[in-house]
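The chain that follows stands alone, in the form predicted alone, written as structure tokens.
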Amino acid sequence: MNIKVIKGSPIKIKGVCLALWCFEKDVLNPVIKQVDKQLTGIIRQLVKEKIFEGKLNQTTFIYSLGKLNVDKVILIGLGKKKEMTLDKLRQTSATIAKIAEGKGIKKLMTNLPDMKIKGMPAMDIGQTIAEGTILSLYKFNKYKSEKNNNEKKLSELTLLTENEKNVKTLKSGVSIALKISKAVYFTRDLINHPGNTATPTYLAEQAKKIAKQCNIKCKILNKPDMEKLGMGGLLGVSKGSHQPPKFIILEYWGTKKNKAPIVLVGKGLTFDSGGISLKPGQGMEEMKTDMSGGAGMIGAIMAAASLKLPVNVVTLVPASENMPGGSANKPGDVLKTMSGKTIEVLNTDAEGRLILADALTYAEKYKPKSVLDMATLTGACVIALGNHATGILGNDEKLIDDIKKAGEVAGEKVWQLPLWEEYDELIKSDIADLKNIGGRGAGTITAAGLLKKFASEYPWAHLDIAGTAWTEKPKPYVPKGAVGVGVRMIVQYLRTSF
């Protein structure tokens, strides 16, 4: 999509469609009053009859019938001014974009940048409008044999400002949004691909391509490398599959190499059948999404490198399938991890923590400033938080607080769960150091509790995205399917925390 920023008046500008924004109880702001005067009072009448009240995401479509320099006007409500947030702005931008595209409009203009919103500088406004617009228009139709080549797409967005000083700042915000949104698109594509395409090998190949494009160093560990390192967790999980495991290492050095990097670890289960502890057949097709954490962490380092952030970032993705078979892990087997700690496998469907254990141990090699892992780890997190929040746990409160703040800005909410020592008792094994499940209660906490045993050498936080990685109910800037959750939040954390 082409996004332009120009100095211009919404009253004088010529074009196809103009989006005008307003707050609830302040619909007839100065700009809309001027437009309404030319429209001979149509908007005032809509307000009087309470057809349009400026409520959040409320829209009205008006044909100008030659009374304006633009053919069409879309009114969009921002809700109550005192409740305005960047995410609500992102939502309304997405709503307008989808309405415009649905009506076959290819070029859209908006005057929002000149609306003064407390606590929202022009750069943030530019970035947020662009993000909401681009992310809302994502489509995944790579496997459809009949392509709709006649489909009308919104191809251009123009941000209008009457303040010359804002032009450069808004352009900077748009540039940031374009790079981040490209990484989210990449992440969504990876997750939406079926498991027979997005194998561990495919994931590794895509990581290599991104590395070449973005000045990132890439290394892929294969099975013999894992055997030398003693990665018994990753090797054990992959035993039942004919697809070879991969351990993906991406390094972006945005500042001096003697500065400790932030290590991002993502679960890369490209398909999770549950193994011998087989999952129910209904809904199993969604288990292609069990690599959402890994895809997100690749997307995050891609965005960090594209933005040339002055920070060192490393992404580690243990990639595997979890399949039943004659050589697969069995309940009761004991695996020796890279750290030397042993884990009794009581349920082969609790496999994510096994592969992450080796990745978290490998992270020690970098003497990291902090480590953040992300995984579709537990169904228990969906029960606890539903689909609106990601669970966060860890051993460092500052790191957790920084992630929470970044999530608020990005519109990706996280909620902290406890990781008290009392829960450690639930994952003690009678015959090994640990067991991979802790019983019915506190499933998200005991899973993170196991990871904690492999993350004791550095500040660490764990994001459980089981409920937020995929959606069946579209939202303004999140279509049905893969969300690409975590990419924007982690990039915001990297941009603001150092």
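One-based numbering along the sequence shown. Only a predicted model underlies this, so the values are computations on that prediction, with no experimental measurement involved.
From this point on, the text means the form predicted together with a small molecule, which you will not see here.
Out of the listed residues V313, A380, I216, L157, A380 is the one that sits within 4.5 Å of the small molecule in the predicted bound form by at least one heavy atom. Screening I99, L309, M287, A384 for any heavy atom within 4.5 Å of the small molecule in the predicted bound form leaves a single hit, M287. In the predicted bound form, the small molecule sits beyond 4.5 Å of every heavy atom of D333. Shown alone here, A350 lies within 4.5 Å of the small molecule in the predicted bound form, counting heavy atoms only. Residue contact check for T92: none of its heavy atoms lie within 4.5 Å of the small molecule in the predicted bound form.
The shortest heavy atom separation between K279 and the small molecule in the predicted bound form is within 4.5 Å. From the list 411-419, 197-205, 350-358, 226-234, the contact stretch for the small molecule in the predicted bound form under a 4.5 Å heavy atom rule is 350-358. Three-residue candidate spot K267, D272 and T376; every residue lies within 4.5 angstroms of the small molecule in the predicted bound form by at least one non-hydrogen atom.
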